[in-house]
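Next up: a single chain in C-alpha cells, the form predicted alone.
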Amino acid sequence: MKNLKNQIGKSAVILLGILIALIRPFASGSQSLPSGMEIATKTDIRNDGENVSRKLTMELIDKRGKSRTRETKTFRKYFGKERRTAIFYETPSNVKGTAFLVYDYPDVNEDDDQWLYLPALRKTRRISASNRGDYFLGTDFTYEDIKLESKLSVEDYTYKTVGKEMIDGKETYVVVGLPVDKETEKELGYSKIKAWVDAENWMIRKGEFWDVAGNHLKTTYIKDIKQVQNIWTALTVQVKNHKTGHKTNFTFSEVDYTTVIDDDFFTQQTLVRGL
C-alpha cells in the first residue's frame, strides 16, 4: 500500500510537471507581447520629423487595369503638438490646383479641421468629422487614412495583440482594433482593422480593413521602408479594394526632413493661391 501511494504521488508530481511545462511557454509568450494600446501608442509617437516635404505620385488603377497618375507635393509640420499637413496637386491638368489641408489637434475632444480646395468650383470645402471615412479624391484611402500617415489612431480604437508574424522578412506584432463606439465606426467606415507593426521601428507593414457590415474591405501594404535623414520612412504604399477591385499606389520621393517649411504653407489662403 505504501509503495502504491508513493507511485501515485510520483505520478501526480510528474503530471503536474508536464502541465507546468506545457502552460509556461504560453504564459511567458503572452507576457512578452506588448499590449495592443502600447503598440498603437508606439506608432503614434514614432519620430517622423518636425517637418517634411516630399513628392507624392498617386497611381489609380481600376478593375480593368486602366491606370491614371497624379503628381503632388506634400508638406507636414508640427506646431507644438499640433500637426498640419498640406497636399497640392500639380498634374494632370484636370486636377491641377486641387489642394488639401489638415489641422490635427492633440486634444482628443477637439475635432480636427480639414479643408479641400477644388479649383473648378473656386471653392474651399470643409471636411467634417462625419466625412472622414469618405474616400480621398478617387483613391482607396479615406481622409482619415491620409491624415494618419500609416500610424494607428489611439483615440478611435481599442486594440488587442493577437500574435507575431513575419512580414517581408521582418518580425511584426499583429494587433486587432475595434472602434470605441458605433458613432466612431460609422464615421470611419471600418468595423475592424488589423495591423502588422514592425517590432523594431514601429512602422506598419500591412493592414486589413473591414466595412461596417463586417465584409473584408481592403488590404494595405507598406513597402520600401528606409531611413531617410535618420528617420524611418515608407516610400511605397499599396492598397487594394476587395469590393471594387480598384487599387491605389502611393510612391514618395525627394523626401526632405531638414529644410524648414514656412508656416504660410498651411493656410487656407495658400490652398487657393497654390505654391
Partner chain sequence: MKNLIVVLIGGFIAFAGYSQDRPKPEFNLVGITQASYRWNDPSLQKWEWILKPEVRFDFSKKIRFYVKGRFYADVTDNLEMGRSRVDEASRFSRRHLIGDRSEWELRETYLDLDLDNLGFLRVGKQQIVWGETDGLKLLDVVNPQNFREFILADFDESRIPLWSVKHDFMVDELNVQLVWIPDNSYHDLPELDHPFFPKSNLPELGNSQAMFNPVNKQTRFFKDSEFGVKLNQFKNGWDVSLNYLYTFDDFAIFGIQSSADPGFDLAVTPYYSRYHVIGGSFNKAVNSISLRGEVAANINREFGTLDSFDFPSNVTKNQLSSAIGVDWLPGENMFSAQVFVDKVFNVKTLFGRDPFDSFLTFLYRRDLFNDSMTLEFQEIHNLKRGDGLARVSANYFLLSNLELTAGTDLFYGDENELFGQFTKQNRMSLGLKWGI
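Numbering follows the first chain given and starts at 1. All values derive from a computational prediction rather than experimental measurement.
The form predicted in complex with the partner chain is left out here; the points below concern that form.
For the candidate spot formed by Asp44, Tyr190 and Ile225, no residue has a non-hydrogen atom within 4.5 angstroms of the partner chain in the model of the complex. Out of the listed residues Ile167, Leu148, Leu178, Leu137, Leu137 is the one that sits within 4.5 Å of the partner chain in the model of the complex by at least one heavy atom. Interface residue among Ser32, Asn230, Asn215, Ser67, judged by heavy atoms within 4.5 Å of the partner chain in the model of the complex: Ser67.
Contact with the partner chain, judged by heavy atoms within 4.5 Å in the model of the complex, is confined among 97 to 105, 200 to 208, 167 to 175, 148 to 156 to 97 to 105. The partner chain is not shown here, but in the model of the complex it comes within 4.5 Å of a heavy atom of Leu121. When the partner chain is considered in the model of the complex, Asp113 lines it closely, a heavy atom lying within 4.5 Å. Interface residue remark: Lys182 is not counted as part of the site for the partner chain in the model of the complex, having no heavy atom within 4.5 Å. In the model of the complex, the partner chain sits beyond 4.5 Å of every heavy atom of Thr161.
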